[in-house]
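The chain below stands alone and is given as structure tokens, in the form predicted on its own.
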């Protein structure tokens, strides 16, 4: 078996963010994460406590989103949402930047918001910032990444997935802009092992994905693995 098969599960943040998600969907998400030993699960704030109940005393991380999916909430509301998610049991926070500021080249405002949210969270909570790269040109993607770095976050994330899928070019742009100072999370429309490999090779260290099971099942077939 290849290294990519052995380690890809640890890259996946197994995701259920659709508005119609139910308690049964969350239970299934957590059980799948446990079966495949994914890095973590990504859920809307209302489901964090449910995940905490199921995943307590496991290695699976609980990731909550804030200001999702538009990023147009007030900064104090985003901050409160992030803090409450951590209090409910979230290990990491994926927060949507104010996309309007990024589109208007108001990167200082975006940086200030990220800084405020970062300061409100415990030091050991990883903060990722979604910049919705599909709404930005290349220069804006670069400047947005610098704002994320200056704001003290640990990851820049390509997008929510609600406004188009991630591209290899986006990941390469963010990776070079990051200059090794922060990590890259790719998300949106990741459905094939080849795509997952290419995104990692382009510089992504995490993959936000709702098709994680299908990808791992395809890899099992590729590697003639008979394990459940």
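Numbering follows the first chain given and starts at 1. Computed from a predicted structure; not experimentally measured.
What comes next is about the form predicted in complex with another copy of the chain, which does not appear here.
Contact with another copy of the chain in the predicted complex holds for all three of 20, 70 and 76, each having a heavy atom within 4.5 Å. Proximity of residue 164 to another copy of the chain in the predicted complex: non-hydrogen atoms within 4.5 Å are absent; the residue sits far from the partner. Not displayed here, another copy of the chain is kept clear of residue 116 by more than 4.5 Å at the level of heavy atoms in the predicted complex. In the predicted complex, another copy of the chain lies within 4.5 Å of some heavy atom of residue 45. Looking at residue 101, you'd find a heavy atom of it within 4.5 angstroms of another copy of the chain in the predicted complex. Look at 37 to 45, 195 to 203, 55 to 63, 177 to 185: in the predicted complex, residues with non-hydrogen atoms within 4.5 angstroms of another copy of the chain sit in 37 to 45.
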